[in-house]
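First comes one chain, alone, set out as structure tokens in the form predicted alone.
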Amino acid sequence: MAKILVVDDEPAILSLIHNALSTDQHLVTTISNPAEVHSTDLGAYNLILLDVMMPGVDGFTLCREIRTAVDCPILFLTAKTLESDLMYGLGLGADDYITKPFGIGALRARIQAHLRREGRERRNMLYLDPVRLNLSGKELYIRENKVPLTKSEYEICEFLARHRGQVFSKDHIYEGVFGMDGDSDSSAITEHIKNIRAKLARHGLEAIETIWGIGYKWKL
């Protein structure tokens, strides 16, 4: 099951896609006005479908605007078949395109193929509501508030967040964050996590859980 956003100005197309993808147990959100896209939580979606030819803001423009904020696959729905148009769209950061008119079976298969490949590493942002990690800038935000973490504290948060739900010992966290050539030892992890918890608690958040006798996990 995946969360999928579909943006198209044609209600009939939105209804068709919603019904088809819901059959595969996906949670589908549809938007007919592209201007509303920026007000939604884009990081919550596993895949985004954008129509190219829309009034006001076209799909190419929308893709360019949101690509740096999301790492999930972006697929174009397009009646444009010129190779130059398609290459332009892919150059903006889209992962694929589906030409109109399309068959429902082909649409479902193409989306499933992209979702299966979506184990790729996140490059720009990692969203774990209400936490947002800016992976390139090495910054952690709670909602819109930047949390002042040290480099080591941030790296520990990113390591646990990338593997949320998994439990890691202090030794495993130390090796995953600092490598085998680190100049300290795993006992430093306890102090780092104590400091991280204190900083997150100022924003009313408890993100790191202790599993007694084993280690720690990111629980959001």
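So that there is no doubt, residue numbering starts at 1 and follows the sequence shown. Here the structure is a predicted model, which means the values were calculated and not measured. Take the two forms, superpose them, and find the largest set of C-alpha atoms that agree within 1.5 Å; that set is the rigid core.
Just so you know, the form predicted in complex with the DNA exists too; it's not on screen, but the next bit is about it.
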Mind telling me which stretch in 64-72, 190-198, 51-59, 38-46 gets its heavy atoms within 4.5 Å of the DNA in the predicted bound form? 190-198
Lys151 within 4.5 Å of the DNA in the predicted bound form, heavy atoms: yes
Counting only non-hydrogen atoms and a 4.5 angstroms cut-off, does Ser15 reach the DNA in the predicted bound form? no
Using the partner position in the predicted bound form, report whether Trp218 sits within 4.5 Å of the DNA, counting heavy atoms only. no
Report whether the minimum heavy atom distance between Lys170 and the DNA in the predicted bound form is within 4.5 Å. yes
With a threshold of 2 Å on the C-alpha, tell me if Thr29 counts as moved between this form and the one not shown once the core is superposed. no
For Thr61, is the C-alpha shift between this form and the one not shown 2 Å or more after core superposition? no
Using a rigid core alignment, state whether the CA of His18 is displaced by 2 Å or more between this form and the one not shown. no
Under comparison with the form shown, the C-alpha atoms of Asp71 and Phe168 in the predicted bound form shift by 3 angstroms or more, placing them closer
